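Starting off, we have a lone chain in the form predicted alone, written out as C-alpha cells.
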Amino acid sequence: MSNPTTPNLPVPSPRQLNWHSLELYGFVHFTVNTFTDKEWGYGDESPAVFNPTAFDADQIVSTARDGGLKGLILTCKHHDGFCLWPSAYTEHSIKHSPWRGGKGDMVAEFSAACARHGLKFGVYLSPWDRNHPAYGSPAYIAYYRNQLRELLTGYGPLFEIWFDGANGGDGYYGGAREDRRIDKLNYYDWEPTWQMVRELQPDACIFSDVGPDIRWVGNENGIAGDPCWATLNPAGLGPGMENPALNNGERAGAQWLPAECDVSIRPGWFYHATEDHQVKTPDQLVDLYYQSVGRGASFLINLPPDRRGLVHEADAASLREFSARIQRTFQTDLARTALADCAGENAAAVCDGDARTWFDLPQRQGEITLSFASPVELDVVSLREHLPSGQRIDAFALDAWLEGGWVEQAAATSVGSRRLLRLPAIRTTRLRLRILQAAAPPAIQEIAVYRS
C-alpha cells in the first residue's frame, strides 16, 4: 500500500466517501396520496384525509433494517404540498389532520425510530408545491428555504437531502387552479439553498439531477448504465432539465458526481391496494442490486406505507428474502485465503478485506493473480478502486484457470466504487485480473470472490 502522489482528479469529498460506503438505503413515500389513491396530489386535498389507523415508525424502520437498508429518506413534503411535520409556515400540514389529534410530528417519529434502530435519516422536500399560492414567484423561494431550515435544524443529523426534478405545471395554488411554469435553471436559485445545507448539515450529501453531491441515474427503474462513471459535467444544468449523460456519467467529467438508482418495490411510489400482487420479487431486487451497486452506484428502494401506516406484509417479506440472499452471497469472501501477486510483488492488500488498504499497480496496464491452495467454487467477483485516488481503470478483463489454461470470464470498463461480476459457476485454483487500459496506474482496493 502507498498513497499515489497525484490523485486522478476529480476525487470524492469525505461526505461522498461516507455515502459510497452505504450502497443500499430506502425511500418512504407517505402523504395524502396514500389516502386518495393518487401518485401526484393536485394540492387541494384536505389534511383531514391523512389519518393512518395504526402508524408505527418502528415497524417501518425495523422492516428497512431487516431488509439490509442502511438509511431511510422520508418524503416530508411531496408535490401536493402537504407537510408531515407541523411547519410554522403553512397550515397545509399534519397539524390539521386527525392523526395524533393534530398534535403529531411524523418527521420526528421517523427520525427517532431511525436512531433507535441504527439507520441513518434523510429528508425529501419537493421544490414543486401545487398547494402554495406563491409558487412561481420569489416569495415561494423564501417559503421553501424556511421549511428546509426547519427540517435541517429540528430532526438530528441527516445523511442525505433529496431535491426532486419535477418542477412546475398545473395545480391548486391556493385556489387559482392554473398552470404555472418556471425557469428550471434559474427560478430556485439553488446555490444559496445548497449553501444553507452545507452550513446546517455539513455531513449531508445533496441529491438532485445534477448533485452537487449525488446525481440521478436518469430513470426510476433502479438501473445504472454500463459503464456508470462517477464523474459528470453539470455546468449549465439544473434539477429537472434533460441530460442524457445521467445514466452512464461522463468519463472526462469535471466533477465527482456518482449516481443513485431509485426504484419503488411496487409499480407506484405511493401505496395502492391494487398493487399488492405486483410487489417486486426477491429475484427482481437481487438483479437490480447487481445493476446498481454492482455498477458503482447506490440502490435506493422505496417502501410505501399503507393506509394503516405500516409496510405491507408482501413488501416486508420480499425485502427480507432479498436481504437474506445478499447476505448469504457476501458473507464469506473466498479470496481471504488466496495469495495475491502482481509481477512478483506481494499484492495482499487487494484481498485482506480492509477498506483502508489498497495496491498500486506500477503501470497503467498490468495483472494481479489470486492463487488458492485448493480449488474454490465461485460465481461472483467484487472489484473496488481506492476512491481517494480517483477513478482510474478504463478497461479490464477477468480470467480463470480452467483445464490447464486461462479462460476469460468477463470484461468491462468502469470499476470505481464497486463492480460486481456475475459469472457462470466455476471451480478453479487461480483468478487473474487484467488491467487493459487506465487513465493512471490503478489503485486496487478489493478483489473479493463469492459463491452465491
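Model, not experiment: these values are computed from the prediction. Residue numbers run from 1 along the displayed sequence.
In what follows, reference is made to the form predicted together with beta-L-fucopyranose (FUL), a form of this protein that is not presented.
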query: beta-L-fucopyranose (FUL): the contacting residue among Glu199, Asp354, Glu242, Glu220 in the model of the complex [heavy atom, 4.5 Å]; finding: Glu220
query: Partner-contacting position among Phe359, Tyr271, Trp256, Trp162 - heavy atom within 4.5 Å of beta-L-fucopyranose (FUL) in the model of the complex; finding: Trp162
query: beta-L-fucopyranose (FUL) contact at Ala166 in the model of the complex, heavy atom, 4.5 Å; finding: yes
query: beta-L-fucopyranose (FUL) contact in the model of the complex: His29, any heavy atom under 4.5 Å; finding: yes
query: beta-L-fucopyranose (FUL) contact in the model of the complex: His78, any heavy atom under 4.5 Å; finding: yes
query: Partner contact for Tyr143 in the model of the complex: beta-L-fucopyranose (FUL), 4.5 angstroms, heavy atom; finding: no
query: Among 261-269, 182-190, 101-109, 147-155, the region lying within 4.5 Å of beta-L-fucopyranose (FUL) in the model of the complex by heavy atom distance; finding: 261-269
query: Within 4.5 Å of beta-L-fucopyranose (FUL) in the model of the complex: residues from 114-148 (heavy atom criterion); finding: Tyr124
